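In structure tokens, one chain follows: the form predicted on its own.
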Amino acid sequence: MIISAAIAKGGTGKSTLLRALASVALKRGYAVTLIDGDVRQNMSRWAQMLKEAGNRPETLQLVSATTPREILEAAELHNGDRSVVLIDTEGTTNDNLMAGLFASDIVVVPIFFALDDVTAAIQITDHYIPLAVETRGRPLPAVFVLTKQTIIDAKARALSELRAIIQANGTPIADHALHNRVAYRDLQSGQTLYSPDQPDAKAIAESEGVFDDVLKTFTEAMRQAA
């Protein structure tokens, strides 16, 4: 399965989401390939830090792809049975982002509760995904994943309008969300969710839930398209 994380804006938790999904996939026995199509090379740095810390699984591969062609070729090469390919696209609208969408089986769109973030997420689902579908001629399901969530985000009346905008878009919203936890920040320092001596059980549970939500959304979309 090929999963891209896409939103034309930085700071939404895209890299954190990908690291969490990669952690879960590796724990479940999938061969995981990270395709780093972001000029900031966040996934490349994470893979290197995992190696230096002795936490990089043998089943994790990293491909740095700086052009649309490299993204497409890497996705095709590494996709297969019991494999998960995760594509990190740039936080802007460019050809690399479109290549990531074109190559994918499903798109995860991270959303943080802020107007600019919600607007950027809807831009992906309402404009760029339809362009990819038109070009490649087959469906491309997407799922919103709420990131960096706090108790305030879940209950604040001031955010009710943003929640309504997300719900009205019609794109499925993952049942699970990534909350604002130290465990996710620790991923930036050469860890997976499971490698610390005392893993954060809550972070693992919600990340596994998001992974299952992505699989469920893809399966349901394929059933409806059949």
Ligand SMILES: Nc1ncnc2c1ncn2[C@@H]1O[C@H](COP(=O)(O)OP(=O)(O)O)[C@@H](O)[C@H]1O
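Numbering starts at 1 and runs along the sequence shown. Keep in mind that this is a model prediction, so the values were computed, not measured.
What comes next is about the form predicted in complex with the named molecule, which does not appear here.
Q: Just one stretch in 63 to 71, 174 to 182, 23 to 31, 49 to 57 has heavy atoms within 4.5 Å of the named molecule in the predicted complex, so which one is it?
A: That would be stretch 174 to 182.
Q: Wondering, does Thr217 line up within 4.5 Å of the named molecule in the predicted complex on heavy atoms?
A: Taking the distances in the predicted complex, the answer for Thr217 is no, it never comes within 4.5 Å of the named molecule.
Q: Counting only non-hydrogen atoms and a 4.5 angstroms cut-off, does Gln167 reach the named molecule in the predicted complex?
A: Although the named molecule is absent here, Gln167 would stay clear of it in the predicted complex, with no heavy atoms inside 4.5 Å.
Q: Since only the chain is shown here, I'm wondering whether Gln188 would be in contact with the named molecule in the predicted complex (any heavy atom pair within 4.5 Å).
A: Heavy-atom contact with the named molecule at 4.5 Å: present for Gln188.
Q: Are there residues in 3 to 22 with a heavy atom within 4.5 Å of the named molecule in the predicted complex, and which are they, in order?
A: Read in sequence order, the residues that approach the named molecule (within 4.5 Å, in the predicted complex) are Lys9, Gly10, Gly11, Thr12, Gly13, Lys14, Ser15, Thr16.
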